[in-house]
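Read on for two forms of one protein chain; each stands alone as structure tokens, with the labels structure 1 and structure 2.
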Structure 1
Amino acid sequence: MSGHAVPADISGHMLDLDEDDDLDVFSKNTCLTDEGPVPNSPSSMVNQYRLEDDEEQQDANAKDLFISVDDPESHITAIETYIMYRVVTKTTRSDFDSSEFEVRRRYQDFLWLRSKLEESHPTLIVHPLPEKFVMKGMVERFNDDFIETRRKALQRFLSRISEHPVLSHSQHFKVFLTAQDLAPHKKQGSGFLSRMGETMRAVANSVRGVKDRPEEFEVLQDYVENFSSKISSVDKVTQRIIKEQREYLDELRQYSSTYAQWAGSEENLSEPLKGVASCAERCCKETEERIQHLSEVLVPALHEYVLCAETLKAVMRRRDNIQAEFEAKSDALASRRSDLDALQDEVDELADRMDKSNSALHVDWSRWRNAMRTDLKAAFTSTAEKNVEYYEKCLAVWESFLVSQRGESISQRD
């Protein structure tokens, strides 16, 4: 890539790689690279997106891409240690050479894929990856729990992409799933300079700001800010609950053993004391499971959506930038006398691009919202269910103790 001559106007053809050339209609149409020929008119775009209103239905019926991530393996080299995951793809799609693929990928590869997807589709909501660095509370990067948590999140990521009507047809995605060696592909594509160009433009635009966000996106901006703050709070509360539950568990264990110790110096009381000790011990076990469930079900779900919130913010920013660019050029057009034709073309292109970006976001937004509702509803419901189960089990334990004691006292009286 670095071998190519870089045109002075880098806003030009860098991303003209058209990885998406030979893919099907949807993706080609919605390939919203920063600059580049956009073949269809906006109106036909809208039509296409209307069809996708039934996307959920379609997805459910037509899921043709199944991906799993497993078998983490440690790789140790002179300079670093990393984990390679096995990615297995099964598909019935015709544009895939085979129906089954198996490749090895590391976290960095996932990062590459995601950044490519975001580049190609700046106003689509690309599912987040698990965080790069260890979070608080984890001991080391290669701790088993950490690897397992990460593996699940990576699988979820690929699964989400595969369900996305647009992203799943990305060439980068296909390459990620199928190429034995990802390295040559990683070297292609937009390089440092074009990325820098993008960033510069983005900065320039954000300084300028958007004049008038369409109402729909004003609402969306508000929502994103609120959602982000609320989901973070829920995440924090959940972490705190886990912490308090752990401390409760420790004290309960100690408490249970004081009953057992006392039983040692009693005769008639020994049995009921041991009974209470064992009930408390059993409740400890149930508490442990309760904590584990929180850690395995609710925390990852919340965490993902905390990351989603950041993604949403970035998407909103990029959308704003696209609008800002258009506005800037429009202004330029309005104030210039010469070279009107060329400017007009540019403005038209930018207008087109803006409309397409907005539409893409509009559709993807409603898709995301449904997914979010489904995911969080499932996680919350499962948590509530687990809590009911916890109390039911503890209830059974104490009730059976009571019954056994009362039964005894009745027989004693007899």
Structure 2
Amino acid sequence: MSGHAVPADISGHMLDLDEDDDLDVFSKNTCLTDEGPVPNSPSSMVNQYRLEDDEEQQDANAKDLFISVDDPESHITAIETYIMYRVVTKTTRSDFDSSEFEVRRRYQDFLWLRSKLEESHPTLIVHPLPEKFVMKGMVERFNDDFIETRRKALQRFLSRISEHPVLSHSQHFKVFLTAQDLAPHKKQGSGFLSRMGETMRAVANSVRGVKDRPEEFEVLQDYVENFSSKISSVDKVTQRIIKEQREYLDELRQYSSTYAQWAGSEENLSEPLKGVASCAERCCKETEERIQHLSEVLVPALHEYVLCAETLKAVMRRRDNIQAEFEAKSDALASRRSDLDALQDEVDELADRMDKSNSALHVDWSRWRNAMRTDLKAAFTSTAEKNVEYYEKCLAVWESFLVSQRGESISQRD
């Protein structure tokens, strides 16, 4: 696995960026005193923004299910190539037959788990999986960076499920973590015709729409649309920033090389030119670190919640479908009194299901939003810390150069 190399330029493979779709930037006036040198560490400024983690520590102490995804192995057959990951589970739950399990799973197995969780709990927010292909036009799917990025995303997916108060107790989740062979379990469930019928009903309900969505879910719908628009915009702008930073890094390297070559032909200016070249080279390293940090910390967090936004939209659609079916049955009950008893049972069942779905989504929404805010706040804070560190280091580099040149000038005059 590659460790600290700057990721390749992915800007050409990601979604097309609208150059005019910029974000508003808010600035805050700051004052720096002229006394004393610029601090080498940003801790004096960022400490006041540190996240409170007492609640997270308490949650960690209460966990009874620990899952890790590691040790990816490539498998090549006559018809396909795929990666198998080791999934290790440690638990203190009494409904498990053992305290530790180890299984091998491929990406399709994670897809099966997620589809089963959504099928069993249509109005709960099931954390998204990484896309099957992360980048458009990607030729080499199984390079080290791709595998490690996917491993982290799969680890996060399982961690989110294990932390969920309902989904973590799903029988499908338990099977996924413990069964050595998933094939027999995948064969179980509704058949093709049954799934086709459910799909057709969902399409019909979607076309029919809901007559009177509860106000709280109107508010949720608006929030989801706004959140999706904003997080997608931030994701695009961040991709553009990374692209521009890579271009700036290339130019800075040329800048450093030019000064280094110039120093060889100017004997009287050799030292100052070499100093500028050295400063530019050191700034290159800091810029490279900053690009890596943005690519490995901020971009994954943003893109994960772009996918979350699509998940939320799907959850809202499924909730609306349940309400649409309830309303359709209610209308049928009012117009066809001869089928009163049978329809009444269906209406009562759907009313109960709608109430439970609304309650489940309401509770899960609050839990998801808190997790989202914590994740993005951590990513933004980490990026801010890195930005402060980056600019302070670059400032220190150029200040040291100025000091050295002033000292040299004084000595020459003497």
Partner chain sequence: MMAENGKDEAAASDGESADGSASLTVERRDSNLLRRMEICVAEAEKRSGKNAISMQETFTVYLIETRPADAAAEGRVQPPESVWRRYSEFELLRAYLILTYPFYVVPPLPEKRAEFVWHKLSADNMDPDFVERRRIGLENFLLHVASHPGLSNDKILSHFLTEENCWKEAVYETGFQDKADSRMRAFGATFRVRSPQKCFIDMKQYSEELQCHTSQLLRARARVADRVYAVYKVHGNYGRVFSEWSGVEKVMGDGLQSAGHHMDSYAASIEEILEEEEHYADQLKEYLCYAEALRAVCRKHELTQFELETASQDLISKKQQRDELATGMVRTFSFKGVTNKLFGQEAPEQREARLSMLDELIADAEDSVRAKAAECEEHVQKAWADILRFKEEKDKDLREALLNYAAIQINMCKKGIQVWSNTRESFQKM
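Residue numbering: sequential along structure 1, first residue numbered 1. In this text, rigid core is short for the largest set of C-alphas that superpose within 1.5 Å between two forms. Quantities reported herein were computed from a predicted structural model and do not represent experimental measurements.
Correct structure when looking for the form predicted in complex with its partner chain: Structure 1 is the one predicted in complex with its partner chain.
S400: CA movement between structures 1 and 2 [superposed on rigid core, Å]: Spelling it out: core superposed, C-alpha of S400 shifted, distance 2.5 Å.
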